[in-house]
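Coming up, as C-alpha cells: structure 1 and structure 2, two forms of one and the same protein chain.
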Structure 1
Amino acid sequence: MKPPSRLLLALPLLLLATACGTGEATTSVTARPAQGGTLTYATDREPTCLDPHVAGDMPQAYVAQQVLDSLVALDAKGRARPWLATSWDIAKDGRTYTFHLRRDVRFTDGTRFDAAAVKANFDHMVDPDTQSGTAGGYLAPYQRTDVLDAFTARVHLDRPYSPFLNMLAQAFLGIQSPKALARSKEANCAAPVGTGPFIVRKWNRQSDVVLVRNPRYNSPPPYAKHRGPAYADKVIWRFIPEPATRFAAVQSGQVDVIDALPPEDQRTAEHDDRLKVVVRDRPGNPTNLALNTSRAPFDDLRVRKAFLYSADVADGLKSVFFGQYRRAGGPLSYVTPHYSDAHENAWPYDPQKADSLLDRAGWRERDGDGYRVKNGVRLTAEVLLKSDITPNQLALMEQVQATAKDVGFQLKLLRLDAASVNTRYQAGKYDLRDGYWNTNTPDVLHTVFGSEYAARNGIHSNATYAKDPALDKLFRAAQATTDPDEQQRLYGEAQRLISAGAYQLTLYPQTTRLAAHHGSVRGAALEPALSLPYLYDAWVSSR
C-alpha cells in the first residue's frame, strides 16, 4: 500500500555513505537475487509452539509460513489456486472435496507427501488432544478423509462449507509430515516438519528460531517470485519485544527485517533511505470494540447507536497512531473477499445524534459528574481490554472514553491479566470488549456474529452475542454456495445487517508492517492469504 522508496536509484551511493558512517564492511549491492547468506528477522511476539495446528495464535502462523506449504494458495483476488493440491472437485452438495495432489514433493524428513499425509494432517487438527483453537475450530464441519489412491484424498464435511478452500490457504492449516506429527507434542512444537522452503533447526526460547534452507525445495506457491530453493542459507527469526529496540535494530542494520514497525517510527522509517517499509492490511474483522447486546445498556439498539455516534475514532486514530492507521468503518476489512464499501461511513462522529438517541432511550437526566442516569442508574459500560494492549491502543481507548463522556457515557477501562480477562469474557461480564479476527474469508462474519458461537457461558467467538435469525440464514446460504456472485450478494446483505445492528465500534484494520534494511536485504514480501511476512523470495544483498 506504500509507494516504494523514492531514493531507490541513489541507493548504492547512499549505502556507501552509510557504510562509512557505521563502519560496516559493505561490498556492493547486487541488483539480481543472490544465493546464500544469513537473514536476520525480528518480530515482537514469540510463539508458544511452532506447530500452528496447536493453539493457533498469529506468531505461530508467521513461522509456519516459512516452514510449511499448504494445499491451496490464494491469489490477490482471494481465489483459491493450486499449491500442494494440483486440482480439486467439489461435490454438488458442497460437502465433499476431492483433492488431487502433487506427486513429486517430500517432507524435509524424507517422508513422501501424499493422500495419507493429508488425512493425517486433518485428523491431527481436529483431534481434541492437539488442543487446537484455530485450525480445529475452522474445521468444525470436518468428518473424515478417505484415501482414494496414493495421491487422491477425499474430505467429507457434515454441511456445505464454501469457506473451506480459503481456510486451507492459511498457514494455520499448513501441511506437516505425518511421521513428525506422530512424535510427542513437545517435539513437534519445537520443530515441526513441512515441505516448505525453510527447515526449523533450533528454537532458542526467548531469543530466536534458527531456520535453514530446504535445499530440495520444489513446491513454491503460485504467488512466489522464483522457483527452486530459497535464496538465503539461513534465517535467524528473532524476538525483540520492545518496539524502540526493535526499530533501532533494523535502523542500525543489526537486523535485516522487522515486523510490527511501531506507528510512531513509521514516518522516520519512510524518510530513512536505508529502510524500505512494506505495509499491508489483513483480511478479516477489523480491530473493534464489541458491544455486548446480552445485557444493559447495550441490549437497547438506540443506546448502541448512540455509543457509535459518540466515538470520535478518526480524530483518535490521527493523534494516537500519527495518521498511519486508516479508519475501518464496516464489519469487514477492505482486503477481505466480498467486502462491501457501503458501510465505511455508516457511523461518523455525531454527538448531536448520540444525544438525541439517548434522550429517546430514556437516559435524559445527568448526574453531578455529567453522566446520564435513568431510574437512579448511571449509564456505564465496562470495557474489557486485552492484557497485552499496547500503550497506543490504550490511548485510543482513552480517547473513545473521553468523547463518550461528552454525551454522558461512563466508560470504565478494565485492564486485567489474560486469564482474568478470559474468565470475565466467558461469563459475559463486560459491555465492551476489544478484539479482531484475522482470516481470509467473509465467513469471519459467521464466526464473529453467528448465533451458534454466542454460548452464554463458555468460550465464544461471538463477543457481541448477536442473535439474528436473518443473519444465520444468510451465513448458511453463503456457505452452501460456491457461486461468487451469490456469495457477494449474501455476504453483502450480512454486512448491511451487521452495520445497521450497531454491534461493533470498528476502529482500524489489522496490519502487517515490515521495515527492511534495504542495504542488506531485498525481496521480503507479504503473502496474500493473511498478509504474513514471507521470506522465500528474500535475498541477502550485501554483507
Structure 2
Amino acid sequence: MKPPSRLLLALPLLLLATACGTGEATTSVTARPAQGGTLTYATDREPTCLDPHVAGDMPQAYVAQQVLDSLVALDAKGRARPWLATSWDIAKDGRTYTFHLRRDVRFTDGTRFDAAAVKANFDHMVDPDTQSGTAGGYLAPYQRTDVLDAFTARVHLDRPYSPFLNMLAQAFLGIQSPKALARSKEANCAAPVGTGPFIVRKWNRQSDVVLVRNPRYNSPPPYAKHRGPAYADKVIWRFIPEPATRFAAVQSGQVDVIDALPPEDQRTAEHDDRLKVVVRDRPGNPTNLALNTSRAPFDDLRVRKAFLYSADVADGLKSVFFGQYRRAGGPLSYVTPHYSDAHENAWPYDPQKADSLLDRAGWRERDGDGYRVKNGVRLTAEVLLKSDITPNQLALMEQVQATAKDVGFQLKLLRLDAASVNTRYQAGKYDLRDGYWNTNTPDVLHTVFGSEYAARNGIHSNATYAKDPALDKLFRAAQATTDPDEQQRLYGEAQRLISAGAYQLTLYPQTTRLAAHHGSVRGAALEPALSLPYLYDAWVSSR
C-alpha cells in the first residue's frame, strides 16, 4: 500500500481497538492446525439469496464472508489495509479512488480477477435490477469505474465520501466473478462465485449450504492466521431456527459451532468446559422500532415522544434476555466510531410524561378498552414483524405493547412472511418497523436517516422517513472531511438531532454470539469489519 493519505488517517480507530479484533474463539487451545475434515456450523436464519449484493441482510454476509474476498480489509484498529487491492490513491477532492490490484488471483470458475471485474461488481451493485439495499445504498455516490489497464481501476464518486474504504471492507461488497454475475439473478443467488477460501457446492433449501475448500486459494486478508487453502475440506452451513435445538446440537457435538447463542443458555454455555463462548457487540444502528413519521399517528412529534416514554425497555431486556443484552439508548451502538453517550438516557420509561404529551396532542379521551381516542379514532399503531422473529424478540415486543397500552396506545403486532413485510415496507404501509443496521462507520446515520434514502415505493433504508435538511447538511459535511475531530463534532450533532426527533425506539446493540465445541473445532474467529464468523483459519479435530 502506498503511504496513507489524509483520508485514510481519518478512518475510525476506536472501533476495533476496543470491540472487535480478530476475536479468535480458541486462544487457549494448543493443538496444531489439522488439514481436512468437515466443519458443521449452525445458524438461526436462512438467507433468501447467497449473493450479498442482492438486498443485503446479515445471513447473506455470514456466508459471503467464507466465499468472497474484498478489495480492502480493516485491521484491529479500524484502518484500511490491502486485500485484493494492493494499494490505492485518493484524489485531493476525495471524489476519485484509484485501485491497484493483485495480478495473481483467479475466481473459482477460472475467470481472472482484474480491473474489469471490479467495474462489473460496482456496476452490478448499483444496477436497479439487482435490488441492492445495502451495497447499492452504500454506493449512492458512485458514478462509474474506468479500467485504466488490466490491473488498475479508477472509481469516480459524485462527492467526497470518507466512509468509502470502510464500506468496501464489508462482505456485502464482496467481489464476484463477472462471468458468474452475467448469469441469471436466480443462478447467482444460488451459488455466487468468488476468489475466497470456500466454494458454494450446493444449497439445500431449508436445510443447509455445502461449502468446499478452494484448493487454489492464495488471497487471504491480512488478519488471517495462515496462508494457502483453508484447513477444513468442507463446511456444512446448517439452518436450525429453534434456539433450544441449536444449542443442544453444539452441546452434544453434533455441530461444531453455532451462532445466535440463545441468551437463556449463555450462562450454561459459559460454565460448560466443552464449549467456548464469544460474544461481541457490532457497530451501527442498534436494534430498534422505527417510527414512520410520514403518516399518523407518528407524524406528530408529541406522539412519538409519548411512545418512547411509554416503553419500559430496560425491564423488558432484563426479563426477556436474562440480562445478557445491554440497553442501547442512542442512534449509534456504543462500539461505533464517534459514538456519543450523551443520548443513552434521553428516553427513560416515564408514563406520566407520556400521558401529558398525549393529552397535549389531543388524545385526551379513552374508550371502553382503555385506548386513547381522538375525533372517534383509536390511537393505533401497526408493528411490522417478520414471521421468523425469535421468541425472545417477540416477547420483548409484547412487553413494549403492554406498557404502551397503559398510556393508551394500541399496538398491533403483525407477524407476516418476508415477502409481505417487504411489500408493505417498500410502500411505507406501516407505523412501526423493527430493524437494525450493522456497519463499521458512523455514516450509518446517513444511511438510516438521510433524506436520499427515504424513497417512496421502493427499496429504502430510511424506515422513519426522516427528512431533515439540517441532518443532511451534517452528513455531507462529515463525509467531506478527513479531520477526526471535525467528524466527531458533526456526527455528534447528528446524534443529538436524531435523538431529539424521537425517530426510533432503540433497544439493544446487534451482537455476534458464537459457541464452539472444544472437542471438535479450533480456530473459529470473528473478522474485524463487522465481527462476522470467519472459518478460514478453523480446523476440525474429530472428523
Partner chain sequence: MTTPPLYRRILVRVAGAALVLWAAATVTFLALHLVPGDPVLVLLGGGSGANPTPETIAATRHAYGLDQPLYVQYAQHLGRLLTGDLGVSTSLKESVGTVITEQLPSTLQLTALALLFAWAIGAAVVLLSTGKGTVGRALGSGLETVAAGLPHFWLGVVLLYVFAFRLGWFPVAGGTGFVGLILPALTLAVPLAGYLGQVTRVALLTALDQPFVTSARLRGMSAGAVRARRALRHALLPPLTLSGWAVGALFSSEVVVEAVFARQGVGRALLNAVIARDLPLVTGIVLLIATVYVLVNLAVDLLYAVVDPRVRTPREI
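Computed from a predicted model, the values in this text were never measured in an experiment. Please note that residue numbering is based on structure 1, beginning with 1 at the start of its sequence. Think of the rigid core as the biggest set of C-alphas that the two forms share within 1.5 Å after superposition.
Matching the description of the form predicted on its own is structure 2; structure 1 comes from elsewhere. Rigid-body analysis of C-alpha superpositions between the two structures gives a rotation of the smaller part of 17 degrees. Once the core is aligned between the two structures, the alpha carbon position of residue 500 differs by 6.5 Å; this is the C-alpha shift at that site.
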